[in-house]
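Only one chain is included here, represented as structure tokens and corresponding to the form predicted on its own.
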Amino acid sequence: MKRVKNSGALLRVPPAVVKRLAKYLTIVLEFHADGVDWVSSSGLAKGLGLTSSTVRQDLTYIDFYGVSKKGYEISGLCRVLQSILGADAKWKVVVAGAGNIGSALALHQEFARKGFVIMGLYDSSKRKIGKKMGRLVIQDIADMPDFISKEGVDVGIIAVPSAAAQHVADMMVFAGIKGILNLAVTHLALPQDISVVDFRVMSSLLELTHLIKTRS
């Protein structure tokens, strides 16, 4: 297993590889919690339904190396993956949209444990503004840009109807947001220096049903 140096930063890596690196971190954290000290590429592959060669190729994108006949040292691999994926820092987050999805995100305690601190929940509905949602009070979305700017919020989650998504995204960008998780079923036209990840539950379900049909 050859070491590839890149000063702890991701190379020009395909999005699919980034997704797998995130999965590697999840399973490595589980191994670490179970007291496992070493894991082979085949061990990682088995846990994620991949091949050993895929794992080894993916890990050439990070500044880490394995030991012959022992594999990868768990605590070290965990630290490197956390650093590369930004999981070793605290990220300030706001959620736009206090509907079912937005409210569920605001109530999800796992976010804070993983370093994503949801600092505000916003909506335009007068019926919702002022209501408490877990530890948060739903705020008027018109006040969101000032809060983002003042608090230096890093990430915005858009959980509003598609028709309002672009406007909300523009508000976030103007206020200084660095990245957006887009849950709305629409494309966002944003500056190139803004990182955007689209999450589509329905698309994932359709991909799943396609796989079920083709394999049956």
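Just count from 1 along the sequence shown to find any residue number. On a predicted model such as this, the values are computed, not experimentally measured, just so you know.
There is another form of the same protein, the form predicted in complex with a further copy of the same chain; it is not shown, and what comes next is about it.
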item: Non-hydrogen atom contact Ser83 with a further copy of the same chain in the model of the complex at 4.5 angstroms; value: yes
item: Contact label in the model of the complex: Lys114 to a further copy of the same chain, heavy atom within 4.5 Å; value: yes
item: In the model of the complex, Gly152 touching a further copy of the same chain (heavy atom, 4.5 Å); value: no
item: Partner proximity in the model of the complex: Val137 to a further copy of the same chain, non-hydrogen atom cutoff 4.5 Å; value: no
item: Residues Met119, Ser124 and Leu190 all lining a further copy of the same chain in the model of the complex, heavy atom within 4.5 Å; value: no
item: In the model of the complex, segment of 65-73, 51-59, 35-43, 155-163 with a heavy atom within 4.5 Å of a further copy of the same chain; value: 155-163
item: Partner contacts for 100-122, taking a further copy of the same chain in the model of the complex and a 4.5 Å heavy atom cut-off; value: Asn100, Ile101, Ala104, Leu105, Leu107, His108, Glu110, Phe111, Lys114, Phe116
